[in-house]
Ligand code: GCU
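In the block that follows, a single chain appears as structure tokens, in the form predicted on its own.
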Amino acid sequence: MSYEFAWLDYRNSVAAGAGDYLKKIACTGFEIASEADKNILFSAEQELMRAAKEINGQQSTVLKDEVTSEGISVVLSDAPGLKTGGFKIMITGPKITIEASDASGILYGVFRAITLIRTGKTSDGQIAESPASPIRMLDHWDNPDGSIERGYSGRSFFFKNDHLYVDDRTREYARLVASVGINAVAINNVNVNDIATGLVSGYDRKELTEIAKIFGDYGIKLYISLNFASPMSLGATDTADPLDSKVAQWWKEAADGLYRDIPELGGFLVKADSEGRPGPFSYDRTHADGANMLARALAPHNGLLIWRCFVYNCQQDWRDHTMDRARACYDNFIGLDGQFDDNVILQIKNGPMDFQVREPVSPLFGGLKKTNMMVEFQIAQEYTGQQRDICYLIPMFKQVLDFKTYNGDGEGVLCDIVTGKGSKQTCGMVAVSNTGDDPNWTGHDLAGANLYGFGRLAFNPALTSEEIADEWSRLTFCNDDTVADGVTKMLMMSWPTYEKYTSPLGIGWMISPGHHYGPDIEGYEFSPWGTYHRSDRNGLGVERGKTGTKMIDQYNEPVRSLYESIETCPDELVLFFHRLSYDHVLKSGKTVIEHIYDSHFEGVQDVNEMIGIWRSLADKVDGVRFGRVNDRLDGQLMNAREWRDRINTYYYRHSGVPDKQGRKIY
């Protein structure tokens, strides 16, 4: 399948005079780089030449080890004050100088300079930027047969017909994600199937090595998702007990073999004891036992072991109101603080449940104090519209990063933990990818803003959601103020809009079981998955305070008291933490039932407003992409209406309270 170049299509979105900077390129200091770094520097040089050719229609002049008074000057040298991957860009009249002390910094500086050129932001001055998070990672849930779990953009471009697949798109993918600072990618599903289990023992090793090489050319480390029970699945042992010496030896030999072929491998990603996946619990061992055994196999190679904390009982009894899935992550890991090896990172979902449109930040971030952590986001919109409905997630991610954990001296924010503020460098941000083999990579054209935005945010969390949206729009569509303003407004409206017509006041989980798209208010209400809203004629919500599951006790003060009191608990989370009657008056002055009715009607109105904004740009956006987005918006409007009518009708029938405004409820 053919593909587009997303925000890296240099043939469009070009400011007046942009090509002048790209006529002459001078590269100095490259001879001091290692062989691996020379490949990254070559990618940077090629990127400048590609931009020159696509913008100017001709090759640029490349000067080696010379100084030029105009054009682009790329300098690899000892640049003080920059972390690994950092760069400086200095603009003086007709000359732009990109300086860094390592190859990745040069590559990121080149991509950034091209962005400045394309968007016309080349006034005299200096930019100095270093990546905030040491690890900036994408997790792919791709399966060997080419399917993608929670994939909404076509099929996998890493796997076809039960084999790894490498072609030109592999390099274009590496180029695309490196342009926003991604430096780590896990290519296969954390729910590892029987075929993918063989990745650690020789399955498609040639192709795996090729992918690692391509990634390495763009400063990206390859990671592999593991089946914890691989030695059993492959018939090498009769157990996967992490304290069994035969198991540990098998993993050591497997890691040694992988690193002989792929010395640049980043490490392993593991989902264990979760949703039926095998893990150390089967042998009465702890997560620390399991993670450390694998980490010790990786340690001689400087590899990292990333251990997901998405662990809970998925066989709950809906009759048991004392059981609370939201407690599980904290309860499973808090007692292990300080027991993990230095090359283990716990990968913790941003919320305590599962990527809902609104949920609080996981309390585990405030609880762990002696353990490496990464925050896991999901840009695949599993519960947020599945890349059919627009839902720009960067504002949500920023709220998570700004959350005050109070887990040490002072207030502290989650961003400090995952960016390694201070000395800790084994940390980072990761997102479940939203890409597939659709021509535009992300299915919905506007879903590309989430992929772009996650990378930019992980590199520089000080950026605002509006800045990221504006920049992405200009690079993707055209460098036109009207288009950028319109697209940015649509994106900034989209998360609140989706929340309005789907999930009132933090309750979540009113979606169709299995595929998780569209309204099904009681779809999970009597399920074993622990996802309940417990609506009846008196009210709705789950009591998680002192009179309920006591999940709120997992937060540090003063957050604990904030959430415990209904009077101070934020309205947008109040039904996550408390059970309320329909006539309870919120801080907005509305009752709960009024909020449900109003928000669902408002959500449909907001979608209509987004449609109007998009259609006003018809003569400024190319016809193919305009039509694709227009079709998706028509579908979103139908979806929003269905959500509105089903949920409002459901709660009218439960509460018996009519809508004050007399609007149609069925």
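The shown structure was predicted, so the numbers you read here are calculated from the model rather than taken from an experiment. Heads up: residue numbers just count along the shown sequence, starting at 1.
Although it is not shown, the form predicted together with this ligand is what the next lines describe.
In the model of the complex, none of the heavy atoms of Lys121 sits within 4.5 Å of a heavy atom of this ligand.
Although the partner is absent from this view, Lys271 contacts this ligand in the model of the complex, with a non-hydrogen atom inside 4.5 angstroms. This ligand in the model of the complex is not approached by Asp342, whose heavy atoms all lie more than 4.5 angstroms from it. Although the partner is absent here, Arg308 sits close enough that one of its heavy atoms falls within 4.5 Å of this ligand in the model of the complex. The contact with this ligand in the model of the complex, taken as any heavy atom within 4.5 Å, belongs to Lys349 out of Arg388, Lys349, Lys88, Lys221. For the options Asp78, Asp320, Glu275, Asp284, the one in contact with this ligand in the model of the complex, meaning a heavy atom within 4.5 Å, is Glu275. Proximity to this ligand in the model of the complex, taken as heavy atoms within 4.5 Å, picks out 147 to 155 from the listed stretches 494 to 502, 147 to 155, 542 to 550, 129 to 137. Within 4.5 angstroms of this ligand in the model of the complex, the stretch 379 to 400 places a non-hydrogen atom from each of Glu382, Tyr383, taken in sequence order.
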